[in-house]
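In structure tokens, the next block holds one chain alone, the form predicted alone.
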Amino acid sequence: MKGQAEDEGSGFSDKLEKLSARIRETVSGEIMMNEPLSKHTSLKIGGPVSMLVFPEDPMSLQNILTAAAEEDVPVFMIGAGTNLLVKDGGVDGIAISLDAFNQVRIAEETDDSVTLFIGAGVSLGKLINFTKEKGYSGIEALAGIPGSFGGAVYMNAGSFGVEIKDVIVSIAIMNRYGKIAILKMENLRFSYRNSNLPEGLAILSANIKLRKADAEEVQNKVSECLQKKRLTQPLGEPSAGCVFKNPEAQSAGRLIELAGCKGMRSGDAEVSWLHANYLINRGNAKSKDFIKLMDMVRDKVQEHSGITLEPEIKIIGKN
């Protein structure tokens, strides 16, 4: 078995070396090899990824995806590294960051509404600032959510009863073979914290439709939402956001609190005292600490309420 594992490892290394040379020739943008993903995740946890690439344009992204598909090397979009737990053994494959896809512009405008084109790499914070300065209403409740716009679309991010799907008009995607398609809202199947888009494709951008409103009114709503989150969520601590999905008609955070889990620890991973659905890294938490703490919380909630919590965060990598 050891010989087989060594052969498989050698085969992957050969593929990666070949792929690396090809990508360096055809891609504009930074390329990192064996880069620790702890530097690129909001939890500050995670082993190295074989290759991390920051393509600067769609053609470069297309070249990465087609080359990886031909070599059968797995690819994933890292976004801003939020809602993501990378295991300590790292990830065999290519992580892609679309930070350079950061354009926000008006695509269409009427007397009452505006349609915005937003690149996948735009941070939600930048988008919220743009809309409140212009007086565009509809996503004020998303203020304070970390991460990139592409990631928010992929997981249908939401807060205070508002979800990103509520304003989506269309999404531009590139599949793993480099083909671009425009998906209109009526052809999409969003659900709670899920876009139902297949893994391995890249969200390039999306158009969203917002209502024109008074700028001061929008700013006040944003400020109110941020203030509520500052009082109830550990925004300044390393976390992956809410760890578990809310069961139907229930709050995961409330269930965890009632089960007595606040302050529970595994290594340096801790259930936040401020919001029980946030598990935070107190300094040197490892993925095994985090996963063990998730299991402990899930067991306590199951024992207390009979409800089984489902993870909201995505867990990737090897031990």
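Since this is a predicted model, take the numbers as computed values, not measurements. Residues carry their position along the shown sequence, with the first being 1.
Not on display, but discussed next: the form predicted in complex with a small molecule.
No residue in the set 138, 208 and 215 has a non-hydrogen atom no more than 4.5 Å from the small molecule in the model of the complex. This chain is displayed alone, yet in the model of the complex one of 80, 225, 73, 95 has a heavy atom within 4.5 Å of the small molecule; that residue is 80.
The partner is absent here; in the model of the complex, the one residue of 201, 180, 169, 104 having a heavy atom within 4.5 Å of the small molecule is 201.
Though the partner is left out of this view, residue 90 does not reach within 4.5 Å of the small molecule in the model of the complex, counting heavy atoms only. When contacts are judged by a 4.5 Å heavy atom cut-off, residue 148 counts as touching the small molecule in the model of the complex. Interface residue remark: residue 26 is not counted as part of the site for the small molecule in the model of the complex, having no heavy atom within 4.5 Å. With a 4.5 Å cutoff on heavy atoms, residue 54 does not count as touching the small molecule in the model of the complex; it lies far away. Stretch-level contact check against the small molecule in the model of the complex with heavy atoms at 4.5 Å: of 244-252, 126-134, 154-162, 108-116, the positive one is 154-162.
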